[in-house]
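Presented as structure tokens, the chain that follows is alone, the form predicted on its own.
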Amino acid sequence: MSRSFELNGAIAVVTGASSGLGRRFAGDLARAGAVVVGVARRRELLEELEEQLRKASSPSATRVCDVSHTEAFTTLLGEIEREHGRVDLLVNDAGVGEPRDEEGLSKYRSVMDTNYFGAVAGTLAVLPGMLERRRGAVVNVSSDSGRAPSPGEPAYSASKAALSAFTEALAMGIEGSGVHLHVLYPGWVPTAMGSGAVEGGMRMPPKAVRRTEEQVSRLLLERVGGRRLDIDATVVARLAPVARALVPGLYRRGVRAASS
């Protein structure tokens, strides 16, 4: 596998590591030779993950932290930097879906706290050290819902759109520094969150946008550190902004039909 970023010996932090894509990223990075620190809220799942990580990369570990508590998260990242001397790669994968039991502004705040502010806080915490060393990468996991929103997910879509815009604007400001920022668009993956959305009433996405955890993780490992900002697991959603601009009425009708 040809890679743009040397993973063997890299210090990598992965949030949302207790399940789904985050767990897959953590395991694959460890198998690629990285020292991985997996971060998530659920201690029992992290204990299982830590055992697996250490079989592939003995210095790897896990830490319990809720990234929506940004002060605790940035403190943890500082501790990891002091322990290992640096953070070479941060994968901000922790995320929550559209709340079904919250209403009003509180719903939007709770989603933004995890999906947006957690990732922003993590990115800003590790960036100074990366810039000083002129080496490092941050991958912020977004969603096609951020660039092709559909009915029923206003809070989730807004959080992912904000994360994509933040990452792109910041990336332009540090271009040529040796530090790489990426937005990962994984498509629809049958994780607990993805499957839960379908069980909750969302129509099963078409085959063109479905991907497995293995496919998305392989793509991340291949593309991290490359020149492209976006790491796209699918191509179809890239066309959504074009269709929205050229044929807005047809686009909206198509989205509503696909979501009903």
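All residue numbers refer to positions in the sequence shown, first residue = 1. Source: prediction; values computed, not measured.
Omitted from view is the form predicted together with a small molecule, to which the following refers.
- Highlighted residues 93, 96 and 189: every one comes within 4.5 Å of the small molecule in the predicted complex, counting any heavy atom.
- Heavy atoms within 4.5 Å of the small molecule in the predicted complex are found in one stretch of 120-128, 179-187, 165-173, 78-86, which is 179-187.
- At the 4.5 Å threshold, heavy atoms of residue 66 reach the small molecule in the predicted complex.
- Taking non-hydrogen atoms only, residue 42 approaches the small molecule to within 4.5 angstroms in the predicted complex.
- Heavy atoms of residue 17 reach within 4.5 Å of the small molecule in the predicted complex, making it an interface residue.
- Of the heavy atoms in residue 219, none are within 4.5 Å of the small molecule in the predicted complex.
- Of the residues 61, 193, 56, 229, just one reaches the small molecule in the predicted complex with a heavy atom at 4.5 Å or closer; this is 193.
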